[in-house]
Structure formats: structure tokens, C-alpha cells
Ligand code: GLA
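Presented below, as C-alpha cells, is a lone chain in the form predicted alone.
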């Protein structure tokens, strides 16, 4: 069904398919010498804290019960052999010379993790693996980070590599930044590795200090709605927004020399200097300063079990992203509007970089069915823009981060 997969495919069934395909492609090996291992790493949704990460601020993501699973085994040589069950594509390479231009494109994320391990002095050998994932791609739910973290988890398991969770997250971010060439922050990889079932994770993107924040009860569900709009403007707009934030820092530093990132700008500073900032820099700075505060207020509301306040903060975040940071879109705005029209929806906002992708909504359990029955069909009816796929809604639970599963 194209709407909510409220019951994602059973992991055991997906694992069985992976093992069968693995043996079909790579055959058997002496179990004592080359045992087969299986790992998983989840996608994520950011509940609140958008475009704060590269400004040294706070984010509040949760790992979701959509994941990449890899089954793999060491090889006696330096060859890397991969197969994607979803794309039905093979990839190969040499572990000693990771290839930035490798094809198919998805294999570059695997090669990037190998490269990043080598940059840290590790020397993984050859390996072979089969993988599959049910994290929607191009939707802003971090399918690429899930693949990177799953790869790192598999190689750590196969080659007994001493890596802490935060170290693995940083390594995977480096792979995406310096090997794949995507200048992302660390949030996606961090939550994919460090998520914990039933919690969100408050992450300080500058110090990398973190703590888990329990989600108070099961009577409120996280519902992600995919607009099915390709995020075509993200790369260029992202770079422009970063430059505008850096300009804001440069200007404010004239009066406040201790400011090194927008994270350091207090609401009092902003009020004092806002009139001296040109547009649109003032709007960008205003969003980031207020969004950091909203993250901390959301954490406080969760700890008090105040879902109503959490919802209000999500709505305020969306308005700020739409009006001040200007990274929303008609598709995202419509999806939020439709969600908020359903009784029992506490709050909704765009999530991710913007211009397409997904919204995240906090929905009382008894309202989920109505959300699924009305929001996606009405969105499809009112959409006047080209859709790149089928709009969908995913009812999610906060899941564990990456684990070895066999």
C-alpha cells in the first residue's frame, strides 16, 4: 500500500533474503575462517533543530524503524564485492584504492567508509556483502548516512576495529564530506549510530555532547509524510544559507568578539544588533538563534510530558523555516497545513534541508488512522506541481541505532 507502511517488512524475512542472495553470489567458505555477519543501521527524522547543525547549535533527532541491513564476510584477498538487492546491481573494487568515481553511485558511500578508516590508520581487508534498505531515498531521512554507518558497523565487526560510537559517526561524516563530496553536518551519522529505542537524542553539534531524551509515552506517534517532490534546489540553496550565516557571524563579531558561530549569538545580542544586519542575513540569523532555543524548550517539554507544547514548537519551527530561512516549499507548506487540519495532530513541520522531502508530525494515537486516510489523498488531489513518485506517510517509532544482528 502506498500510504503508511505501519508494519514495515519483518526484519527476519529481509535477512533471509539477504542470506540467500549472499550464498547465491558468493558461495560458501569455511565458517571458522570467514564467518558471515549481519548488521543494521537506521535512518532518522529530526524532530526539531533545522539548519542549526552547521552553525554549532542543537538538534533533536530520533532514529526510526527504517534501516539498511548488510550481510557480509571477509575475503582472503583485497577485493571488495558488493550487491544491492534493491537496485539489483553489482559493484566491485580494491580495498587498497577506494574509488571516488565508482559505479554504481551507491557504492561510493561504501568505498568512502573504507577510505575514512584508512585515514585513521585502520587497514581493513577485502570483503563481500549484500545489502538492502527500506529508508525512503531522496526524502531527507538519511538513507546515505544509514548506508555509511551500516558499512562501518560491518567492517568493525569483520575486522575487530576499536571504534566508539561517536568516533564511528565522525568517521562516516568524513567519508561523506571528503570522499563523496557532500558537505553535511554530523547529525545524521551520529543518530544512526547512537540512537536508542523510545528516545530522541539532544546533540550539541559543536562539542558533540549528547544525551537521550525519553519520549514520554506511546500515545503520541511520529508520522512522516513524504511530499514526493525532489529536493532539486537543496545543494545550491544550502551553500547560500551557510554563506549568509557566516556573514552574520562576521558582522556580529565586530561588536561581540567572542562570537565564532551563530550558536554564540544570544537573543539579547540579536535584539541589540538586528537593525545593523542587512537582509536576508538578519532573517537567517533570527531563525538560527530562535531555533536553538526551540530545541531546548522542546526537550524541557518532553521531560515534563507536555506534548501540546512540543507541537506548538514544531509549528513555530516550520513558520520560521518558511518565512525567515526560506527553505520550505508549496508542497511542504500544503502537507503541514493538511496535517494540522486533522484533530489530534499536535504539531507539524518540514524536516530536513527543505524545498521538498518530508514533514514530521506529532499525532495522537487515536488520530493516526484519520491522518492516513485524509492527508495523503488530499495532498495528492491539491498538488499542482510535478511529483517524482507516490506521496506516502510512514508511522514510525524511535528505534535503536546501529547494531550487529547476528
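Numbering follows the first chain given and starts at 1. Because the structure is a prediction, the values reported are computed rather than measured.
The same protein also exists as the form predicted in complex with this ligand; that form is not shown, yet it is the one meant from here on.
Chemist: Quick one: find which of 101-109, 187-195, 267-275, 216-224 has residues within 4.5 Å of this ligand in the predicted complex by heavy atom distance.
Modeler: Contact-bearing stretch, as computed: 187-195.
Chemist: Please pick, from 26, 355, 54, 34, the one residue with any non-hydrogen atom lying within 4.5 angstroms of this ligand in the predicted complex.
Modeler: The option sitting close enough to the partner is 54.
Chemist: Let me know the one among 210, 179, 238, 307 whose heavy atoms come within 4.5 Å of this ligand in the predicted complex, would you?
Modeler: After the contact test, the surviving option is 238.
Chemist: Does at least one non-hydrogen atom of residue 61 fall within 4.5 angstroms of this ligand in the predicted complex?
Modeler: Contact with this ligand, no.
Chemist: Mark residue 347 yes when one of its heavy atoms lies within 4.5 Å of a heavy atom of this ligand in the predicted complex, and no otherwise.
Modeler: Output for residue 347 is no: heavy atoms all beyond 4.5 Å of this ligand.
Chemist: If we define contact as a non-hydrogen atom of the residue within 4.5 angstroms of the partner, is residue 67 a contact of this ligand in the predicted complex?
Modeler: No, no contact at 4.5 Å.
Chemist: Within 4.5 Å of this ligand in the predicted complex, counting any non-hydrogen atom, which residues from 253-269 show up?
Modeler: Nothing in this stretch is in contact.
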